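The chain below stands alone and is given as structure tokens, in the form predicted on its own.
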């Protein structure tokens, strides 16, 4: 019954309750599924059970929606993840949790891969630059906390991030080439062990 209700278009009172965040989340999901080209007002309105009028209540145009979706990506896939792992006091365990969480999230959602494929778009390029700088800075700081000199910490942070991106791309392009389940966790532990080895 609940599943049927979820598929039923919203009534007009529900349409009025959609927020800009609802639209941004729907656009972000569409980006993950089909890249930047999948962000189109009419299909998103249908997905949300809304009208185009609801969209124009919150956004002046598609570019404004794309910007809001990219800000949401930054918030959910970078800042929230950093906040979640920051509670761990041990920097080595924090690094491990960060990489495992990032690998798990990227396996379930191809947003990073889709956004990298749209890097030529100016708004996407700007968001990628901000997110990459934030992620690299955070991971490098973890290596600094582990006792590596600053230059080495930046180098290892870059290596960790490029390993994550490569793992993410391969996981979506040729998933059978990567270990699965417990073997995947052991593999990722081996990657982390390699990264932190003096």
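These numbers come from a predicted model, not from an experiment. Heads up, when I say rigid core I mean the largest set of C-alphas that superpose within 1.5 Å between the two forms. Positions refer to the first chain, counted from 1.
There is also a form predicted in complex with the DNA; it is not shown, and the following applies to it.
Contact annotation for residue 186: none of its heavy atoms lies within 4.5 Å of the DNA in the predicted complex. Although the partner is absent here, residue 151 sits far enough away that none of its heavy atoms falls within 4.5 Å of the DNA in the predicted complex. Taking the partner from the other structure, the DNA in the predicted complex has no heavy atom within 4.5 Å of any heavy atom of residue 137.
Using a 4.5 Å cutoff between non-hydrogen atoms, residue 168 does not count as a contact of the DNA in the predicted complex.
Picking from 151 to 159, 57 to 65, 138 to 146, 168 to 176 the stretch near the DNA in the predicted complex, with a 4.5 Å limit on heavy atoms, gives 57 to 65. Residues in 169 to 198 all lack a heavy atom within 4.5 Å of the DNA in the predicted complex.
With a cut-off of 2 Å and the rigid core superposed, residue 70 has a Cα displacement that falls short of the cut-off between this form and the one not shown. Superposition of the core reveals a Cα shift of 2 Å or more for residue 45 between this form and the one not shown.
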